[in-house]
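Read the single chain below, which is given as structure tokens and is the form predicted on its own.
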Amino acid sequence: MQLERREYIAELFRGRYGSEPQLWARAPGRVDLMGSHTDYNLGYVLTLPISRDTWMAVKKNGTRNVRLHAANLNEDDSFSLDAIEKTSTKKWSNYARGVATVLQSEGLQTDGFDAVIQSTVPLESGLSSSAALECVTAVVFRELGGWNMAAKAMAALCQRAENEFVGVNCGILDQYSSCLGQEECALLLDCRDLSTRAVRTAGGIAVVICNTMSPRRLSGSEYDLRRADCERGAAILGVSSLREVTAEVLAARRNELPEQVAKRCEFIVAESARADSLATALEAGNREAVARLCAESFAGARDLYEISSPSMVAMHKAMQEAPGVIGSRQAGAGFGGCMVAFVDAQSTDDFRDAVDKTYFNATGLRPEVYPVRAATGAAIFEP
């Protein structure tokens, strides 16, 4: 499969640029196993960089121009490194443009190149296709420019590209996951100090992505409203972020908060604690705890943070009724997109078939259901 993918991309490259790629880079998507919206509140997230990834085949072109072909969209775009502007027509290109802009602001060399981009990370689904594109672009600029940068610093610059250039006020989770993935491990990320603990799941538990095929768009106003509510709650409670608030303190001072703000804060404080608890439960193979934590997270996302949607409710019901399920919950920012399930590893086929049938019958949408494994972070590689 990897060789077939390589040849498909190489053939596209030859057709557009008349030569062979000089180098290959890749960056994974990610799924949050626990920790919805906790990153910008500086809490904990249990994240899994996944085996769905974005590839970029590249050749330095000796100019100051970057030429890109997005294979998934069958679209081309180009821009000059000497006059980078945001585009409204090929919005996917803004992630590469933003990375170039931020790297240049740091005084780092950027060279023009030709590239074909192809991804197995579904678009607008909550699996961080945008971060994967940002991180793979940064790796390419680093390789062609001959400079070095630690993965953690690169993740921070890619986050800046999305915040400052693209205009999405996201936290560090997506870019950190894509840059610092480790094989066979989830990462328990402390978003306050950007430290991580590698988490190895006990045997017999598979992670399965369930795509509702109902796209979500992170740049929408609902995301910004949730973040504003959290910031307002932190300000009223006299702290710099909700990471500093315990469940006990929140319960004691809840009446000081407007009801909507209180609900948002309640979810975040509990969700951050659940990320740490789920890491322990997965390492121990404690399936009862996994089921309970997932159920609490989904209920909180639906009732307190209000990031659910009809398609997500239908998918959650389908997952919970499927054979082999241990626990299931939302993934990403919510409002549609993908969800995640923990499934007995011997039952993944039966689980997939049941979810497909039940969800289709309920919604008329044909879902995508597939297991994923942990993947390494963004890097140059030889496919």
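A residue's number is simply how far along the shown sequence it sits, counting from 1. Just so it is clear, the model here is predicted, and its values are computed rather than measured.
The form predicted together with alpha-D-galactopyranose exists for this protein as well; it is not shown, and the discussion that follows is about that form.
Engineer: Which one, 336, 327, 332, 43, lies within 4.5 Å of alpha-D-galactopyranose in the predicted bound form by heavy atoms?
Structural biologist: The option sitting close enough to the partner is 332.
Engineer: I need to confirm a contact call. Of 207, 250, 170, 144, which residue comes within 4.5 Å of alpha-D-galactopyranose in the predicted bound form, counting heavy atoms only?
Structural biologist: Contact with alpha-D-galactopyranose in the predicted bound form is made by 170 alone.
Engineer: Within 4.5 Å of alpha-D-galactopyranose in the predicted bound form - does that hold for a heavy atom of every one of 55, 134 and 177?
Structural biologist: So, no: the whole triplet misses alpha-D-galactopyranose.
Engineer: Taking 4.5 angstroms as the cut-off for heavy atoms, does residue 79 touch alpha-D-galactopyranose in the predicted bound form?
Structural biologist: Heavy-atom contact with alpha-D-galactopyranose at 4.5 Å: absent for residue 79.
Engineer: Even though alpha-D-galactopyranose is not shown here, does residue 37 get within 4.5 Å of it in the predicted bound form, heavy atoms only?
Structural biologist: Contact check for residue 37: yes, within 4.5 Å of alpha-D-galactopyranose in the predicted bound form.
Engineer: Verify the contact flag for residue 165: yes if a non-hydrogen atom of it lies within 4.5 Å of a non-hydrogen atom of alpha-D-galactopyranose in the predicted bound form, no if not.
Structural biologist: No, residue 165 is distant from the partner.
Engineer: Does the 4.5 Å heavy atom contact test between residue 92 and alpha-D-galactopyranose in the predicted bound form come out positive?
Structural biologist: The answer is no: residue 92 has no heavy atom within 4.5 Å of alpha-D-galactopyranose.
Engineer: Determine which one of 28-36, 64-72, 312-320, 341-349 lies within 4.5 Å of alpha-D-galactopyranose in the predicted bound form, judging by heavy atom distances; exactly one does.
Structural biologist: So the stretch in question is 28-36.
Engineer: Residue by residue through 339-361, tell me which have a non-hydrogen atom within 4.5 angstroms of alpha-D-galactopyranose in the predicted bound form.
Structural biologist: Counting only heavy atoms within 4.5 Å of alpha-D-galactopyranose in the predicted bound form, no residue of 339-361 makes contact.
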